[in-house]
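Two forms, one chain: they're shown below as structure tokens, one block per form, named structure 1 and structure 2.
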Structure 1
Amino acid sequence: MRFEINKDKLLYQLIVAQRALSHKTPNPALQGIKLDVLESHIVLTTSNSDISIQIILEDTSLSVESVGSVLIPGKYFIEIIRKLDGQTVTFSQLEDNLLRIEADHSDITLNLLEFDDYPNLVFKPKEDFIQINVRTLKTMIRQTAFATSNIENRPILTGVNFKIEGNQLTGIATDSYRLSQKTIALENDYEAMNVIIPGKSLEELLKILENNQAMVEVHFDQSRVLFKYNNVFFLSRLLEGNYPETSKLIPKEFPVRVKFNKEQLLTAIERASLLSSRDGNNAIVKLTMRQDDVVEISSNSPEIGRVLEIVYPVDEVVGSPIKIAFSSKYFIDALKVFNSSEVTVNFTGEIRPFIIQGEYDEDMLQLILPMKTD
């Protein structure tokens, strides 16, 4: 194997591939970057077993003298390429499983890893795939993945449930105290699908997707999901099992509806959560609607002090006054993913879940379970 390529072009792709590189893994092969050199292009593959990334690199600066495949220790390789001088770098495989890297004044030989130990990763696209605009997909992930559970007692809740029904794609995440759900319309009807993608995989995917108008291909399978974005293939394992049926949790009728300015409500809750004996994130905040339709946000911890915030609803309040307590973190998390400047909070009762919706956040809802207080 011998080829040369522009250093910066390679480095740019390596940084993307690095996202799936394992640092601590029982299998040393996964600490490597698999490099396949073909006649017209090179293929970079990394995997930490949860996610795997494959990048097809075609470039005018690429000139392949002979083809071959090697497994390169990832950490060293990327650092070497990063630090190299000069524009062009030449790679060649030597005997005894060595890689020679030549660039400008540098001549480096690197011990390779055992190629045969690399897992057999299949990045094969399916014929039937869906296409989503990058921005839409990113928004959908951002609006759901945060609500996944990070406690592994019920591993299934650490993932986002993706469902396709007809031309609708729905993402649902819950940690059993809150739930977020977003539905988007697809261009065509697709075969029904119901999978659970680990939240951590989706967060990594977000970092790879840029902010542009490109399309992402999503290839769902029963045991994996493959995202194809330009020349990058992103493969994630799925969580096994049945996702709880959440549709029954979402109330249909809301006797009490209040519309707020999002920023005002957010800052009021943030201030109210400051004085809490529980650690900042779990502060309990109370929302009380007065007879004159003014809303009080308050918190009280006897040993620290109390906060009372007044928030004026932006629209006429529907329903009778209500008093409810909730975790400030859940409410703040939920408000932050809205694009709308005004949000409606829909209540069904003091100890029943309430949902938040926004005018400009179509088909998205955030549900929170209230907390009991004395």
Structure 2
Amino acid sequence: MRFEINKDKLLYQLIVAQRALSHKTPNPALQGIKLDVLESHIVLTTSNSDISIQIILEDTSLSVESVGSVLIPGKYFIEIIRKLDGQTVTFSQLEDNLLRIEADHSDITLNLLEFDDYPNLVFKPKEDFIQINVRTLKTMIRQTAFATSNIENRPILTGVNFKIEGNQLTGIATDSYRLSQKTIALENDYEAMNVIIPGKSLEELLKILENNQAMVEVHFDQSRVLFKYNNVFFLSRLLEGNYPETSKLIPKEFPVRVKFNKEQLLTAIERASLLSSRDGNNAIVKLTMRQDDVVEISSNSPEIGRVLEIVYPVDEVVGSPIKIAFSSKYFIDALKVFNSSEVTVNFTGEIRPFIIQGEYDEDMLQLILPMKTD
């Protein structure tokens, strides 16, 4: 095997591929990057068991003298390429299981991993698949995946529930204390589908997708989902089990509705959380709507002090005064995914779930359960 290629073109693809590179695994082969050199292109493959990435690299700078396949230690390979001088890099496989890397004044040999130990990964697209605009998919992931659970005792809640009905794709995520739901319209009608994609897989996919007008192909299988984006194939396992029926959790009627400037509400909650009686993710903040329709955001810590923020609604308040306590982290997380400059908070009662919606975030809602205070 021997070929040469532009260093920067290769490095860009390696940075994408390393998203699926395993660092701690009982199988040392998964710490490697599988490199297949063909006559017209090269193929890079990485996997950490949960996700796998395959990249087809075709470039005018690629010149293949002889084909072959090797398994390269991923961590060292990427760092070597990153620090090389010169624009062109030449790779050749030596007889004693070594990879020779030549660039400018550098001549490096790297021990290869055992190629036969690498798992047989299949990135075969299906004939039936759905297409989603890349920006739309990025928005759906950004507005849902953050609400998945980090606790492994209920694995099903660590994923995002993707449901297809006709030309509607709905993503739902919950950790039992909050819920995020987003629905998007697809360009065509598709067969009904109900799967659960790990939230961590979607967060890695989000880092790969760019802001352009490209389309992403989504190929569902019984146990896997394959995303095809340009020259990248992103494969993830699916979670097994039945996702909770969350539609029953969403209130239908809202006696109290308050519209806020999103940034004003966000900064008020952030400041109030600084002096909460509970630290970190458990910080509790209280929202009180007074008789004069002015809203107070407050927190109190006997050991530290007290915060009182005044926030003025941007529209006429619907309903009577209310007082409710909530996790500041959950509220802040929810507000940050809205694109709207104004959000409406819909209350059903002081101990009932409340919903946040934005005028320009169509078909998206954030639900938060209030917290009891002493």
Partner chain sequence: MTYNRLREAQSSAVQIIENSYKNQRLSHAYIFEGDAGTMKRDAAIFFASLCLCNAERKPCGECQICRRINHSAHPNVYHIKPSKKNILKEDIRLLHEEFSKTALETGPKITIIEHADRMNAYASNALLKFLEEPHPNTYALLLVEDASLLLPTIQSRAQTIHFHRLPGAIIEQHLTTTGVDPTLAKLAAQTTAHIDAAENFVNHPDLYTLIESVNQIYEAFLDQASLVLLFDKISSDLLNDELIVELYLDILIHYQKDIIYGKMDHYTKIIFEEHQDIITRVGAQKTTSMLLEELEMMMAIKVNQKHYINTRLAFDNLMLALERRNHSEE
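We call the rigid core the largest set of C-alpha positions that still match within 1.5 Å between the two forms. Since the model is a prediction, treat every value here as computed from it, not as a measurement. Numbering for residues begins at 1 and runs along the sequence of structure 1.
Asks: Look at both copies of the chain and name the one that is the form predicted on its own.
Replies: Pick structure 2 here.
Asks: Test your reading of the motion between structures 1 and 2: two rigid parts, one hinge. Which of Ser236, Ile172, Ser299, Phe91 is at it?
Replies: From Ser236, Ile172, Ser299, Phe91, the hinge pick is Ser236.
Asks: Please work out, using C-alpha superpositions, how far the smaller rigid part turns between structures 1 and 2, and give the answer in whole degrees.
Replies: The computed domain rotation is 8 degrees.
Asks: After superposition on the rigid core, what is the displacement of the C-alpha atom of Asp107 between structures 1 and 2, in Å?
Replies: Shift of Asp107 at C-alpha, rigid core superposed: 4.7 Å.
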